[in-house]
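In structure tokens, the next block holds one chain alone, the form predicted on its own.
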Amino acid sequence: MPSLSFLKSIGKTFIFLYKSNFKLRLGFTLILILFILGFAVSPFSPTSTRTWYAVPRDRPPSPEYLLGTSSMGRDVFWELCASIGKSLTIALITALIASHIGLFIGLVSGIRGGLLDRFLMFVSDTFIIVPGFLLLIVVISIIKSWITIPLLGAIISIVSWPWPARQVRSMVLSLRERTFVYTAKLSGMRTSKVLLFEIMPYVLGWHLVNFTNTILFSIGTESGLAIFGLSILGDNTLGVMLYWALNYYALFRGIWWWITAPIVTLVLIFISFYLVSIGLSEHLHRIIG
């Protein structure tokens, strides 16, 4: 089966990269740990991570409470696990929507050219010129009472697709002038097949790196929105943890474990995905070089 052989090929490539590239290996291991905490460990929380005063307040880290408790009466460890899962969910939704919209628009714009290209790039440039964070503030302020985790991810994707679209278009404009593309067109291959079989293999590696970077952008954006009180404050995300810790003056009151936990986790997330992105980029440069 072609699909099975394709999956085996991807698996072998990943294993090779994991073994040969230290940056990718370290980054992927950290990401795996974060996913385990966010999706496999968090459902086993003994108390609801959104319930106030479920445990004693302001307890420092101890064998009973690994990361201490907050002024809201929540176990910081279990709240952190739930927040990791929700933040990664938002980020993955954003990356799935934004990176693929950018890919599709860039491919179509680059290969078709003409009036369609000018229109798509006009729309992209419009979103690029408008300050993305301010646009998100306006949109979320209007529909704040209806915001959900999936919807928040979709909203952040509004400002995440224009740059990828422009970059993919630039790549396609260069690739479509190559000899193998002219040969494919002269042989009677349809435009859709030219994109899929001739151009897409050159764009796919960049697309994976962009997917990873979009995840980082989404997590950072959600955290920024949360600090302004524009995230889902009744749910658990890393940004929301920061919001409540800042509002309760955790650092000034000496409850350092409450605010340290989400900050350190955010740093680890950025480092892990950055290492994976760098590892993929180095592999692609070796192939191209």
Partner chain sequence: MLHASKKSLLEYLATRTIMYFATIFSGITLTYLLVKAMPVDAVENIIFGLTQTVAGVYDPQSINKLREDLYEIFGLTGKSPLEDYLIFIRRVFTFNFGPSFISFPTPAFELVLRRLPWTIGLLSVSTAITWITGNLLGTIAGYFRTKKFTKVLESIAISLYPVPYYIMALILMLLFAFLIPIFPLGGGISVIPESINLELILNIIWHSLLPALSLILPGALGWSFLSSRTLTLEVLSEDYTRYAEFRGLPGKYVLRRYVLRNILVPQVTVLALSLGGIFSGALLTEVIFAYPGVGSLAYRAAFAGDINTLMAVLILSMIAVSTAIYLLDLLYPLVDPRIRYR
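These numbers were taken from a predicted model, which means no experiment stands behind them. Positions refer to the first chain, counted from 1.
The same protein also has a form predicted together with its partner chain, omitted here; what follows describes it.
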Give a yes or no on whether every one of 20, 39 and 42 sits within 4.5 angstroms of its partner chain in the predicted complex by heavy atom.
no
Report whether the minimum heavy atom distance between residue 266 and its partner chain in the predicted complex is within 4.5 Å.
yes
Taking its partner chain as it sits in the predicted complex, is residue 251 near enough to touch it, meaning that at least one heavy atom pair lies within 4.5 angstroms?
yes
If we define contact as a non-hydrogen atom of the residue within 4.5 angstroms of the partner, is residue 131 a contact of its partner chain in the predicted complex?
yes
Can residue 223 be called a contact residue for its partner chain in the predicted complex at 4.5 Å between heavy atoms?
yes
So which of 33, 26, 66, 227 reaches within 4.5 angstroms of its partner chain in the predicted complex, heavy atom to heavy atom?
227
Where does its partner chain sit in the predicted complex: which of 85-93, 214-222, 170-178, 112-120, heavy atoms within 4.5 Å?
214-222
Suppose contact means any heavy atom within 4.5 Å; which members of 94-128 contact its partner chain in the predicted complex?
122, 126, 127
